[in-house]
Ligand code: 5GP
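Only one chain is given next, in structure tokens, and it is the form predicted on its own.
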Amino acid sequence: MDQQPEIKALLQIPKDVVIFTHRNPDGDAIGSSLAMYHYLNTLGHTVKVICPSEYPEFLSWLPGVDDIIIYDMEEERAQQVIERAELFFCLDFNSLDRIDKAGEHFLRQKNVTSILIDHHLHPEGFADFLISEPSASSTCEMIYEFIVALAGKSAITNVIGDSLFTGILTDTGSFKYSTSPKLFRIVADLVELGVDDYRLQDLIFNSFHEKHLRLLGHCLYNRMEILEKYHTGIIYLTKEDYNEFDIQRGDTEGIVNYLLKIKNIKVAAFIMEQPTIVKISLRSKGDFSVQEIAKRHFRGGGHKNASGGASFQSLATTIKKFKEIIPRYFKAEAKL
């Protein structure tokens, strides 16, 4: 990390620090933010985490999660915190539009030093220090390396380790995507440092309510379509489904992955009709990249095997568009 001496010098004097992460935060966004939050607290900094919208319920057990400021719910407080800040950390996002209105206040604080740590492609140049590693499995993997480079493995406390493991576990789909020998060495380090991987798996994946299983059953029985010719599966949800099952943030986490459990299915799409937008989550196996589909056709992006985007057309039109797109990408990219 070539910027390490300058960043280390910045952190030597206690400061008011704000950590930003993206709207609709996932395990990696919350895990990396809380890991950095706990680490900076040990250095004597005054630290606040700001997230544009609420985190999913399955992450509510993480230490420090109750201290996160949700911009949508506490706009005035968030603005005051941003205005007092002396240092910004931007974690798990590559453009300011991913933090919505908070990005406008970020830009106004022209004299505040900012550090971006992220694993997504094509980061925008809004930060003073850019730590970008698209080959990393997660931002949590990068935060582990960041902390160890600055302070050694002894700086990874139990709460920091739990936060990092959570982000790695969720962003890799339980070690199915974006893995590497380096990642498994990091995970081994975390376990040796005291992370109870069984306990975390239980907290993250065994916290369903009855409605979650009923929703999953509805998706698989009533909302699933298989395009056998193109080894592709689609699940969709309507606005009525959202009302019937009282779907909240995080309730649909992981549903798209069930399509990939079907033999010969290489591409999975989860298309959700929300009040003002249709969201699409894409997953794939092997060499088929869904990243370009998300970026070119659905205003999104992500990684080769896990990407997402959105559509401002109707649900039916969005599904039709995806079905028209997939054959030509399949021919161009899939090697089956």
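In case it trips you up, residue 1 is the first one in the sequence shown, and so on. Here the structure is a predicted model, which is why all the values come from computation and not from measurement.
Heads up, the form predicted in complex with the named molecule isn't pictured, but that's what we're talking about next.
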* Residue contact check: Ala306 to the named molecule in the predicted complex, 4.5 Å heavy atom -> yes
* To do: Using a 4.5 Å heavy atom cut-off, state whether Arg299 contacts the named molecule in the predicted complex.
  => yes
* Asked: Going by a heavy atom distance of 4.5 Å, is Lys321 a contact of the named molecule in the predicted complex?
  -> no
* Asked: Does His120 reach the named molecule in the predicted complex, with heavy atoms at most 4.5 Å apart?
  -> yes
* Asked: Which among 53-61, 307-315, 66-74, 35-43 is in contact with the named molecule in the predicted complex, heavy atoms within 4.5 angstroms?
  -> 307-315
* To do: Note that the named molecule is not shown here; using its position in the predicted complex, name the residues of 19-56 with a heavy atom within 4.5 Å of it, in sequence order.
  => Arg23
